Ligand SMILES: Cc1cc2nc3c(=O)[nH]c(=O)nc-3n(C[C@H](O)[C@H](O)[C@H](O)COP(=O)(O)O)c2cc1C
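Given next, in structure tokens, is a single chain: the form predicted on its own.
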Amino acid sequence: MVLIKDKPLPLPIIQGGMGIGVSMGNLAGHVAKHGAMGVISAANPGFLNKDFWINSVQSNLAALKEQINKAKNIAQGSGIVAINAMVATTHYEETIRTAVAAGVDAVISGAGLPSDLPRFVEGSKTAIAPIVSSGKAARTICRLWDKRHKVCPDFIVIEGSLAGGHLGFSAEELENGTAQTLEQILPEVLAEIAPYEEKHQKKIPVFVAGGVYTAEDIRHFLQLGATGVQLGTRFIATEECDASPRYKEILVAAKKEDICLIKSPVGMPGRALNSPLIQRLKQDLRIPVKKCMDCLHPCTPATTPYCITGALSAAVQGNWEDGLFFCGSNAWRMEKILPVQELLEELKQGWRSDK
């Protein structure tokens, strides 16, 4: 049993936030229902609403509130319901404050330095966690939050180089295999947070992500000192995942050679399937943006190589030709679609005495 800001988490497993529309209220709610942490992606949750491209901010905030309520109703008080919010989004603060008002249990934040996150949840029971990819990043955030806000993280997620989506490593590190491994990063993070645990008289649970696939992987990282793990891609192949059936089928059918490194429009490297969209970009270098909702700070419609919102929205609806299919390095290992409960039971085998 792990405590996250005094809220019990029976299973030390976090279902990673996957946007756009892959991990919403249904998936997050069922993960929490079975004792783990279900995470709703705050990346454009209103993408299916009719007014999305006209009034995207209000559409997204309304959808986020709706998805949190849905997840909480499914969970019925079990586990933890969280959101994943990217600092790089243009309406980051409004997103966090909306989620807190809706009663979300935790906020996990990356894709930038969440320097003001403690201020956005002040006075609430919502736990906050940064995503880091190095001991240095953990030290920077702990020092900043301690100095500015007199708090430390309620938990931390270390995202390694084998994860999907946006990655906190350089393209060169990923391509030549010199990026630090989770086994190297974990002890560094544990050492960096120790002084802040002592100062604030609280335990900061650390979860590792990126390439975690089996119960044996979980046991391995628990033995190294991690509190738990985060998995994203494996939850795509579940019946409760909010993505379309076609999206799930595409991921389950993927082969190892189909997974490649890409460059996101915001400049960060990522890992995804080598879809026709990626192949066109390699040839034409750019797909002109037809309409923009100003979703990310570093993105400029006139120069961006493609619209990531449009590409991710196409993917989650099963559009292989135009979609961007983010995935972890082990996506090729998935063979079938399971109920969330069955997947969690599988992940407990070998490291839980009450399995």
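Each residue number is its position in the shown sequence, starting from 1. The structure displayed is predicted, hence computed values, not measured ones.
We do not show the form predicted together with the ligand, though everything after this point is about it.
Undergrad: Taking heavy atoms only, is residue 159 within 4.5 angstroms of the ligand in the predicted complex?
TA: Yes.
Undergrad: So in the predicted complex, does residue 74 come within 4.5 Å of the ligand, heavy atom to heavy atom?
TA: No.
Undergrad: Report yes if any heavy atom of residue 327 sits within 4.5 Å of a heavy atom of the ligand in the predicted complex; otherwise report no.
TA: Residue 327 belongs to the contact set for the ligand.
Undergrad: At 4.5 Å between heavy atoms, is residue 24 in contact with the ligand in the predicted complex?
TA: No, residue 24 sits far enough from the ligand in the predicted complex that none of its heavy atoms falls within 4.5 Å.
Undergrad: Just give me the single entry in 193, 141, 86, 226 that has a non-hydrogen atom within 4.5 angstroms of the ligand in the predicted complex.
TA: Contact with the ligand in the predicted complex is made by 86 alone.
Undergrad: Just one of 118, 211, 103, 269 has a heavy atom within 4.5 Å of the ligand in the predicted complex. Which one?
TA: Contact check passes for 211.
Undergrad: Quick one: which of 183 to 191, 146 to 154, 258 to 266, 202 to 210 gets within 4.5 Å of the ligand in the predicted complex, going by heavy atoms?
TA: Contact criterion met by 202 to 210 only.
Undergrad: Does each of 18, 163 and 232 have at least one heavy atom within 4.5 Å of the ligand in the predicted complex?
TA: Spot residues vs the ligand: full contact, yes.
Undergrad: Sequence order please: the residues of 125 to 155 with a heavy atom within 4.5 Å of the ligand in the predicted complex.
TA: Contacting residue: only 131.
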